[in-house]
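Here you get one chain, nothing else, as structure tokens; it is the form predicted on its own.
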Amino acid sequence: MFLDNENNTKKKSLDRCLTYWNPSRTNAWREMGIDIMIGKREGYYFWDLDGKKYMNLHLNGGTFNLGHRNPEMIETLKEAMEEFDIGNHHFGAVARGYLAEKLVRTATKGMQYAIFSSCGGEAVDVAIKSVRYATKRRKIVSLIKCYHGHTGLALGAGDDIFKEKFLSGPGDDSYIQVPMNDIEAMEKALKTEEVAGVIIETIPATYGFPLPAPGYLKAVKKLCEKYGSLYIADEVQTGLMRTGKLWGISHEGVDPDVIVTGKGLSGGIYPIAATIMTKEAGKWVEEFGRGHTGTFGGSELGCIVGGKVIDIVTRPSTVENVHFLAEYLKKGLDHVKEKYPDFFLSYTQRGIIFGLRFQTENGGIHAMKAMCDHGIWAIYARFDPQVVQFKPGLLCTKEYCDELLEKFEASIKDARKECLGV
């Protein structure tokens, strides 16, 4: 077995990553006191190569919504490999049409087309290209402290921290950023009638999952309609039933022009992402279909996997479990918050998406480290280090939650003592 090979020990693997892969990223977590290299993984657990067991509460941004190595997903991929491979991107394909129809039929009202990519950032690139083609405008509006991926056009819509070092920020006036929940700033940007589209994470993940103010996203959509811009809902982390609805934007009463999905669409097994569009937003697929294509975007194996993901997340039993988890974990978190109110200050929640806020400027980092010590892997919010992203999986059991809440309470007790000295 690959993981059991003596040439793939933790030390040797770490040395390879430091030498041949990405030394700064490899060292970043170690410098924060977190030394993880994943070996065995199963369900909502994984094991470090040194044997320590962790509960996965980050899920790689939702990639493992259905757990690590979900048996249904593995069986689906095995069966698909009996008939399919990556496929040929020059032609239509059985599997591509199959998944496209599933996505369009389960999306918000008015959708017509689904175009596939190999990752969420590329799917955002497709969204930006699409709204530019449809409107014949160039400018894109996004929110301050947002993140939409590391690829070319997606990078421009994100925070300066990701783009300035690659000379993608200064001098590019085609991207405008405005504060979240500031409808006046949004209208000021759109009223020039030069904006092709507005892209918004329905609940911004890297900013710690702050919820949009009631009516804000609906007001943004109305402004888009008023000034001729198109609305892109980035649902890479909030889609696929994480909020208790298939698409997080549905809670806001908004029918976007474009939905971007990824991560969890892979089932944690085979990479695939998608850009779902209305007929208006997807004009280019009717008029210039060769304008965007990718060898691996919409691989037939990936499409079969993605189709099974849609089947699983829309099952009544899955929806019922998400609603149970949302209520059960809320009660558990409330108990811990009431016990340590001077450190665990508050949290945001929509479905099983939680942003946990802690006392002190870097309280989220301290909480993350304490949780890691107790065998819980969750990650702090890059743009708000007081917050920890807390994202249980769709298929978690009550027993898993009980174990999680017990370890979480112990973690917060330790983090509080470290930060507050009490």
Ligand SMILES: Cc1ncc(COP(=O)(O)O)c(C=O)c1O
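Residue numbers here begin at 1 and follow the sequence given. Everything quoted here is computed from the prediction, not taken from an experiment.
Unshown form predicted in complex with the ligand; subsequent notes refer to it.
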query	finding
4.5 Å heavy atom contact, Ala127 to the ligand in the predicted bound form	no
Exercise: Lys263 in contact with the ligand in the predicted bound form, heavy atom 4.5 Å	yes
In the predicted bound form, Ile304 touching the ligand (heavy atom, 4.5 Å)	no
Close approach of Gly267 to the ligand in the predicted bound form, 4.5 Å, heavy atom	no
Contact residue in the predicted bound form, chosen from Pro212, Gly197, Gly121, Gly208 - any heavy atom within 4.5 Å of the ligand	Gly121
In the predicted bound form, the residue from Val236, Ile276, Val309, Val131 that sits within 4.5 Å of the ligand by heavy atoms	Val236
Answer range among 251 to 259, 94 to 102, 148 to 156, 75 to 83 for contact with the ligand, defined in the predicted bound form as heavy atoms within 4.5 Å	148 to 156
Contacts with the ligand in the predicted bound form, stretch 190 to 205 (heavy atom within 4.5 Å)	Glu201
